[in-house]
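Here we start with a single chain on its own, the form predicted alone, put down as structure tokens.
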């Protein structure tokens, strides 16, 4: 599995266009055109619906892929307050499933947003979880369940 991951990374890297501001600008315009204004507005509303938003395959109770399951587990380990969290099942709406990728300019699902800002996918969440930066971000945004017995 790790060799497949390495091969995939090399393959993606080879296909990734070299940075060219003119091409990047054109690509962004193209992506904006593909995402309808109705879908963009719906995603804007979804992203703003809670302080922590996860676009995933399945639901928190029944994730439909390993990456979505891992993302939910990470958020649970971090102690995200369920009252400040919501998830959207992209499998229920093909327009959302494709639209969220264009919206964030991130090709994979799940996708995490904290305080209306895109954080990343499972790989980014895992890295941030491991280095402590996810805990710091979630604490700064006041979206974790307060520790019991703390000063009130």
Partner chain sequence: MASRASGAMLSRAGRIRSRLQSSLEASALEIEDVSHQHAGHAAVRESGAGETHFNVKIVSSKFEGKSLVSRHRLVYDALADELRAGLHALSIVAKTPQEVAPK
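Since the model is a prediction, treat every value here as computed from it, not as a measurement. Residue numbers count along the first chain shown, from 1.
One more form of this protein exists, namely the form predicted together with its partner chain; it is left out here, but the text below deals with it.
With the partner left out here, check for me: in the model of the complex, does some heavy atom of residue 65 sit within 4.5 Å of its partner chain?
Yes, residue 65 sits close enough to its partner chain in the model of the complex that at least one of its heavy atoms falls within 4.5 Å.
Should residue 119 be classed as touching its partner chain in the model of the complex when contacts are defined as heavy atoms within 4.5 Å?
Residue-level check for residue 119: yes, a contact with its partner chain.
Spell out, yes or no, whether the shortest heavy atom distance between residue 57 and its partner chain in the model of the complex is within 4.5 Å.
Residue 57: contacts its partner chain in the model of the complex.
Quick check on residue 124: any heavy atom within 4.5 Å of its partner chain in the model of the complex?
Contact check for residue 124: yes, within 4.5 Å of its partner chain in the model of the complex.
With its partner chain left out of view, which of 36, 108, 98, 86 would have a heavy atom within 4.5 Å of it in the model of the complex?
Residue within 4.5 Å of the partner: 108.
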